[in-house]
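There is one chain below, alone, in structure tokens, taken in the form predicted on its own.
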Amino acid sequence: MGAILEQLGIEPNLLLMMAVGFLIVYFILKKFVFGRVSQMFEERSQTIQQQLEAAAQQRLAMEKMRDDYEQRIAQIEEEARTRIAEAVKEAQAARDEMLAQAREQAERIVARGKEEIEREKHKALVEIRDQVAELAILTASKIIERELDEHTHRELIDDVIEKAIVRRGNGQH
């Protein structure tokens, strides 16, 4: 093996020295540097793991908050629908009550109108009866004053009617 090394231009003593030096440097680095670097990597790994766990917990907390908000929104929407339905019912009841009051008022107005018509009808009948009585009295007084033939009878009736119309036009009864 020495001949091959010599042909390649490698000195075995130098190679051995280099290997021993490398091993010494390796053990020194292992004792003083690799431990710290390994510890730094471990700490960094733990920090990253903790951050990942914290992120996962935050994500779970956020999902829980989102679910809570969605549930609240659903409750608010349900409450709003309930309030709207109650408001519609109240408005319907108010409308029905107003319609009932309007019907009652209309019925009272119609009843008063019918009573007024009856009073006016009764008043008109009394007036007609008074006028008929007056006409009968006038006619009787005229008959008594004159002796009646067909022509006189017609004139007398026309005269009485004309006087009754004139009296009525002047507001006399």
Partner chain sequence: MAEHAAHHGRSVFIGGSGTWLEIVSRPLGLCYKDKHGAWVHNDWLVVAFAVMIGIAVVGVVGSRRRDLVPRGLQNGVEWVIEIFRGFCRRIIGEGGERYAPVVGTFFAIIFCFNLMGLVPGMISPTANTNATLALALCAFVITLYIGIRENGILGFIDHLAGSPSRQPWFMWWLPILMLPIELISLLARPVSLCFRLLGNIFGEDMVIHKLAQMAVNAFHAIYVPIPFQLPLMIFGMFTSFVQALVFSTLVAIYIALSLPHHDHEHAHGHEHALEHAPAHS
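Everything numeric here is computed off the predicted structure, so don't read it as measured data. Numbering follows the first chain given and starts at 1.
In what follows, reference is made to the form predicted together with its partner chain, a form of this protein that is not presented.
Undergrad: Answer yes or no: in the predicted bound form, does its partner chain come within 4.5 Å of a heavy atom in every one of Val37, Phe41 and Arg44?
TA: Yes, the whole trio is in contact, each within 4.5 Å by some heavy atom.
Undergrad: At the 4.5 Å heavy atom threshold, is Lys30 in contact with its partner chain in the predicted bound form?
TA: Output for Lys30 is yes: heavy atoms within 4.5 Å of its partner chain.
Undergrad: Using a 4.5 angstroms cut-off on non-hydrogen atoms, would Tyr26 count as touching its partner chain in the predicted bound form?
TA: Judged by the heavy-atom cut-off of 4.5 Å, Tyr26 is in contact with its partner chain in the predicted bound form.
Undergrad: Counting only heavy atoms, which residues in 10-32 are within 4.5 Å of its partner chain in the predicted bound form?
TA: Contacts from 10-32: Ile10, Glu11, Leu14, Leu15, Met17, Met18, Ala19, Gly21, Phe22, Leu23, Val25, Tyr26, Ile28, Leu29, Lys30, Phe32.
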